[in-house]
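Given as structure tokens, the chain that follows is alone and in the form predicted on its own.
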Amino acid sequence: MSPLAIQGIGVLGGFGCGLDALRRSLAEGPAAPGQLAVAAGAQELQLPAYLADPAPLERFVNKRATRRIDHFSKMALLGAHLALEDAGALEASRERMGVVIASGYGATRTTFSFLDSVLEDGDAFASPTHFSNSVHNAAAAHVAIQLKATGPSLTVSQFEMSVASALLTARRWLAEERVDSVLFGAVDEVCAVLGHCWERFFPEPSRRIEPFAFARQSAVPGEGAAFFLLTGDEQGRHGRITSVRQGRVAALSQAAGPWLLNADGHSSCSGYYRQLLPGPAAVTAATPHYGSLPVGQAFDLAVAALALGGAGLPAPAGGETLPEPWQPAGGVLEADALGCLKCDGRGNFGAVTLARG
């Protein structure tokens, strides 16, 4: 495939806002999760969750212009502006820039608020503001409007495979010269309803993700946004995406790695990583820094880009013993390429490889 050059990165999540915050988290260790209020009958429970604060968006967009924009789209807008700022492209023309956003859950807070307004007040008095922000393409529309990006705009939702799928679209647009650049982003949020489901299915909440304790359910929900300014240039400020693969679980070729696994504490997904990488491989995971969310692989892309740039890889968290014959891949990265691997609970995988330069 034609490489995708990464010119800028913007991230926010439970670790904070921006690449420096992510870099600090990787160097110093993950912060403790916050708390998400969840109704449980007459009680209110506090569920551990990695929450993101989009307040720094005011640095880029007038607060008045965002008063009707929901939390989900604010996270997307902030990630998009941070990526452009990192690339030094905030003032550049965006007439031939495309926008592709990946999301597994979509705008859950707004969607359930809209449904509440229907149930409480009927169809005739349902909230039009909630409705307009609840549709899946709302965040991409807000990003395109605020940034005056007049290329094509698309939202891709394939749950945990959304990141790889959306990257394939970005690559296609650049290969067909429909655009000069693509603002690719991934965003997901948590909400009280999601927390309720989490509490029902996983009644013993964990406060720490143990990526390689495959038999234990240790996932901690997370939210946030990760955006990348991609071009078809031969060189990228943060390296290049050299391959994107999707498919059903089978042993990968060239499986020696190193690999950044999106093992996020869900025991239903964990076994597939062993099936994909049955032989010796150098592996690690960064999920304890941002939590469990369908588009978590996008944060791994940011971590991989930082590692290829010299920041080093996080060691496997918690001192866990890796399954044999895997070896830990933490520390200074000597290889010139790094794979980011995501498996879902149904035997599908998405593999994205980044390289220096």
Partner chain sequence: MSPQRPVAVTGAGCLCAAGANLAACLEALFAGRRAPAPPSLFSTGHPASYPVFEVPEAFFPAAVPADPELLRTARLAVAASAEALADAGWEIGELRKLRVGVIVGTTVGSAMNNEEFYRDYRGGGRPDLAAIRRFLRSNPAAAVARHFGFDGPLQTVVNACSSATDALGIAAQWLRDDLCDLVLAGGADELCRTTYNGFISLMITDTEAVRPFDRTRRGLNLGEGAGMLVLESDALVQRRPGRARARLVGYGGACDAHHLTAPHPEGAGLRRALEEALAGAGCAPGEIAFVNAHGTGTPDNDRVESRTLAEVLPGVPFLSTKGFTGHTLGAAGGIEAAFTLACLEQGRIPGSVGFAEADPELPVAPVRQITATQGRLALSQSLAFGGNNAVIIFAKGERA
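Numbering follows the first chain given and starts at 1. Note that the coordinates shown come from a computational prediction; the quantities given were computed from them, not determined experimentally.
Although not depicted, the form predicted together with the partner chain is the subject of the following passage.
Taking non-hydrogen atoms only, R240 never approaches the partner chain to within 4.5 angstroms in the predicted bound form. Contact check for G257: every heavy atom lies farther than 4.5 Å from the partner chain in the predicted bound form. Taking non-hydrogen atoms only, V190 never approaches the partner chain to within 4.5 angstroms in the predicted bound form. Although the partner is absent here, R171 lies within 4.5 Å of the partner chain in the predicted bound form, judged by heavy atoms.
For the three residues A126, I145 and E199, a heavy atom within 4.5 Å of the partner chain turns up in the predicted bound form in every case. Residues with any non-hydrogen atom within 4.5 angstroms of the partner chain in the predicted bound form fall in just one of 145 to 153, 279 to 287, 75 to 83, 215 to 223: 145 to 153. A single residue from the set S206, S268, N137, Q235 has any heavy atom within 4.5 angstroms of the partner chain in the predicted bound form; that residue is N137. Residues of 107 to 133 that come within 4.5 Å of the partner chain in the predicted bound form, judged by any heavy atom, are T111, F112, F114, L115, D116, V118, L119, E120, D123, A124, A126, S127, P128, F131, S132, N133 in sequence order.
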